[in-house]
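So this first bit is one chain, no partners, the form predicted alone, shown in structure tokens.
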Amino acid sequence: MQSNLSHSIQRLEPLGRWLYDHSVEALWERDTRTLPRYLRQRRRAYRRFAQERIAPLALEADRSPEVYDPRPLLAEAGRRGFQSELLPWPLGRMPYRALLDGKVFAVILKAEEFCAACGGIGLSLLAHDLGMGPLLLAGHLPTILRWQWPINRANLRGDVRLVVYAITEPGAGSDMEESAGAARARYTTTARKVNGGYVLNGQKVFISGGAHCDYATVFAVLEREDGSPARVDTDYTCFIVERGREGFRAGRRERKLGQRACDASQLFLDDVFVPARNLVGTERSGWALNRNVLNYSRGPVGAIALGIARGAAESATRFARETRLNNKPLVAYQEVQLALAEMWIDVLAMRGLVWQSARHFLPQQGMAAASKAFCGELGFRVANRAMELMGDHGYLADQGAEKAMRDVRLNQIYEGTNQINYLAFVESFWESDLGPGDPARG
């Protein structure tokens, strides 16, 4: 049938042949070709690194996360510039073109490629970008020069400097990521102003990379000088805390269902003194800063789910090509073709929304929340469908689909549960599209 089609195409007029796309280019290459040149180069570099350095470690890191040491891989990623992509040269390795295009597009491409090889290892590499986010988005040049630039230079030398993002607390999780919840959040981490700086007390939980971090951007509620009750939405303040400070320590590493290669650890702050220079931005600006960090990070989190789903679809496709039934490969059966088509179309839909959200000059809350929630839902569906197609083999730990299903389940929870992201979408478009508004307005 394909040969008949080719013959028929050749009979078209020259212009008709030119207007007919009958290439057999792979989906990955086809999408890559739509990107600007500098992003095409970066996507290929991320994919090579994922295939050469991440994929060989994936199964063992998932089986024995307590033994896996991420720092050698962090050092190699740092030398390649992958840990310094939030600022342009000479402060970092962001291409100058990205200052005009979507600022998180390279991070989104990196998240998909790394997590297609392993969701947990990918997260351990991406957690640093999240931790560095407040240092940039506070918009304070002295903070960038004092902290972000030296950290970038160290990582480019392969001298690992890992920064993590610390907001979640034992009694305050997703409510720290939603406007209404912040007003009534049960916070425990506080900051008290003292001569020359601040004293921090409290506990953070589920901190990705916390066991190995060198710094943490810690959000705490700054006590009011008049003694009145402080609140997250009015008194949240960000500080950068170095690991060596007295009273700052990592606690228990949680045993997780998925994304195991990246630890989720407790961080304790017991009368930790930080000097005034460790303030990130200004006092009591932390709520807006936290929200904007999430605007920048939720697109990449959607891309993490996209990468994991793509990895599951690739595993299922490989299985269908290599496994035979009645002396025919599984992929020759129409039912299998329909299942594969469903998975790959979901992957394409996820990528389309993630890339659309990344093309905004400044990441927009509603679009970022939409891509995070949508990809979390579809990612789990793709992984589950891959397991169904692979049958008993999908249930095995070394076939890819089982690990993908465990890994992608977390994407519906962190960076705000999907329900919190739905509310963020409503909040973002309430005035323009979703609220009562003026019914006469189109």
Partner chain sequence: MLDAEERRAVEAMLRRFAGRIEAELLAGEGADGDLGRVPRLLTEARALDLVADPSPQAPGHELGVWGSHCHEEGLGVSLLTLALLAEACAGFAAAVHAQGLACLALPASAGRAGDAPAQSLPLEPGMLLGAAFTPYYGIPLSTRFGQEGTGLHLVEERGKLFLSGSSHFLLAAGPPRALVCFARGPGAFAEDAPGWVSLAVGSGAAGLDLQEVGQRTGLRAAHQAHLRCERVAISGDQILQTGKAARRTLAQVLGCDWLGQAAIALGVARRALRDSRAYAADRYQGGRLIEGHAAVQLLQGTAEYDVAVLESLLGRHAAQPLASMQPRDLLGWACAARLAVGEHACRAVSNCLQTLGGYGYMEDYGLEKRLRDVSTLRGLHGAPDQLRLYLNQLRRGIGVADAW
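All of these numbers come straight from a predicted model, not from anything done at the bench. Numbering follows the first chain given and starts at 1.
Absent from the display: the form predicted together with the partner chain. The rest refers to it.
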(request) With the partner chain left out of view, choose which of A61, I54, M387, L378 has a non-hydrogen atom within 4.5 angstroms of it in the predicted complex. (result) M387
(request) Could you work out which of G196, G247, G251, G171 is the residue within 4.5 angstroms of the partner chain in the predicted complex, going by heavy atoms? (result) G171
(message) Counting only non-hydrogen atoms and a 4.5 Å threshold, tell me whether R260, Y333 and A339 all contact the partner chain in the predicted complex.
(response) yes
(message) Just checking whether D392 would be counted as a contact of the partner chain in the predicted complex - the rule being heavy atoms within 4.5 angstroms.
(response) yes
(message) Considering non-hydrogen atoms and a 4.5 Å limit, does the partner chain approach E415 in the predicted complex?
(response) no
(request) Consider L396 of the chain shown here, and say whether it contacts the partner chain in the predicted complex, taking contact as heavy atoms within 4.5 Å. (result) yes
(request) With heavy atoms only and a cut-off of 4.5 Å, decide whether W149 touches the partner chain in the predicted complex. (result) no
(message) Using a 4.5 Å heavy atom cut-off, which of 318 to 326, 234 to 242, 219 to 227, 349 to 357 contacts the partner chain in the predicted complex?
(response) 318 to 326
(request) Sequence order please: the residues of 402 to 433 with a heavy atom within 4.5 Å of the partner chain in the predicted complex. (result) E402, M405, R406, D407, R409, L410, Q412, I413, T417, N418, Q419
